[in-house]
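Let's start with one chain on its own, the form predicted alone, as structure tokens.
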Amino acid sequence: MKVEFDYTRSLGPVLSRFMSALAQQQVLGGRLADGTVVVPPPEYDPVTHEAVTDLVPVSWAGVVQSWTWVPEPFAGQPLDRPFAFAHVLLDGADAPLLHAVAVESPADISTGMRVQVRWADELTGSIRDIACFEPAGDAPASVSVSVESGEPEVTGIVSPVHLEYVYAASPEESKFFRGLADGKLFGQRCPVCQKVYVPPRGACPVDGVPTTDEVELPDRGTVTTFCIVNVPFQGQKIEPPYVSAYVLLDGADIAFLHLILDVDAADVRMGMRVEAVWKPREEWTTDLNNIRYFRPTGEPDADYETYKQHL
């Protein structure tokens, strides 16, 4: 299972100055009401809740306060080989910064070790301008000096979000996914209330008992609620406007979300009868994406009473 998107955020006055300084190979800390300096600078003092406005330069060098070894880095981490994550207390700061330290083995890092910033080859005004830290030996503290570069201030960043995980399907869900590979839709029925759940659930959320009866369902159903997507976004695969809707399969008691295409978005409505459009057989996997989308069947709309409990 993969979830990924680019998250765009405005930085605000404090982090804008911090990121803009990184693009000039400077590190800024925020001075709090009690006089302590924190890197990165917070927007508000955690004790007084007052806005932090006093940003001061600190050193590129510092001391490792604590660390942990990363033997197998994940994609997107600062380094693509084994490294250490460490709390580094920069000279001139009173709170540590969490970042990567480039060393060959756990034997090459220790608490109290001096490290310094290794800057990225290309500075863009993000925390990744600090590529990592590296051993500094006895290097003296070198405090950043304010430099006016004439470059525009960095006011926003794009943070790629990527989550990939292995999903362990229950026996009921496994049957559902394997059914998709054969072009079939399976649900599970509660023996008490007789509700049919698709995708299936191992237990009925109403009665709290196992769903024991397997039910094969048709690939036709009714649109219950829907949303017309008009706003384009990065990575969008379908040109808006298009419709994302909850489809209640015939014989099911729970609707699931899918696309409605082959119809003008303005003509989609609650109660519309729809049918699945499957991918070519050779493209089927154990995935609900085997159904490309749903389209109108041309049948009369379903009576409101048949789906009013699913809005």
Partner chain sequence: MRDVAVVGFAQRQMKEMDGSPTCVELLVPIFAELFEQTGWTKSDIDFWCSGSSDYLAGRSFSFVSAVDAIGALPPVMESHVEMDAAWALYEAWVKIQTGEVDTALVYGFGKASAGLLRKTMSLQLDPYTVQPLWADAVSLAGLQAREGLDRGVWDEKAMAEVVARSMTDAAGNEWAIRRGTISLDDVLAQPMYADPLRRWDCAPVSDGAAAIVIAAGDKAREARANPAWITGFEHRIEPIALNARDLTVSTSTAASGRAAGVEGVDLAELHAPFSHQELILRDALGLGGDVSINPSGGALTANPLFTAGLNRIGEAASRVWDGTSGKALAHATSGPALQHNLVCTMEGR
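If you superpose the two forms and keep the largest set of C-alpha atoms that fall within 1.5 Å, you have the rigid core. Quick caveat, the model's predicted, so the values are computed rather than measured. Positions refer to the first chain, counted from 1.
Missing here is the form predicted in complex with the partner chain; even so, the following discussion is about that form.
Kindly indicate whether 39, 78 and 208 are, all three, within 4.5 angstroms of the partner chain in the predicted complex, using heavy atoms.
Yes, the whole candidate spot contacts the partner chain.
To test your reading of this chain, name the stretch in 181 to 189, 92 to 100, 212 to 220, 115 to 123 whose heavy atoms come within 4.5 Å of the partner chain in the predicted complex.
After filtering at 4.5 Å, what remains is 92 to 100.
For residue 70, is any heavy atom within 4.5 Å of the partner chain in the predicted complex, or not?
Yes - in the predicted complex, heavy atoms of residue 70 and the partner chain come within 4.5 Å of each other.
Any chance residue 201 has a heavy atom within 4.5 Å of the partner chain in the predicted complex?
So residue 201 counts as contacting the partner chain.
Taking the shortest heavy atom distance, is residue 137 within 4.5 Å of the partner chain in the predicted complex?
No.
Would you classify residue 175 as touching the partner chain in the predicted complex, given a 4.5 Å non-hydrogen atom cut-off?
No.
Using a 4.5 Å cut-off on heavy atoms, what residues in 1 to 32 are near the partner chain in the predicted complex?
If the 4.5 Å heavy-atom criterion is applied to the partner chain in the predicted complex, 1 to 32 yields 1, 3, 7, 9, 10, 11, 15, 18, 19.
Tell me whether residue 83 is among the residues that move between this form and the one not shown (Cα shift of 2 angstroms or more, core superposed).
Moves: no, less than 2 Å.
Core-aligned, does residue 169 move its Cα 2 Å or more between this form and the one not shown?
Shift at residue 169: 2 Å or more after core fit.
Does residue 101 count as moved between this form and the one not shown, where moved means a C-alpha shift of 2 angstroms or more after fitting the rigid core?
Comparing the forms between this form and the one not shown, which are aligned on their rigid core, residue 101 does not shift its C-alpha by 2 Å or more.
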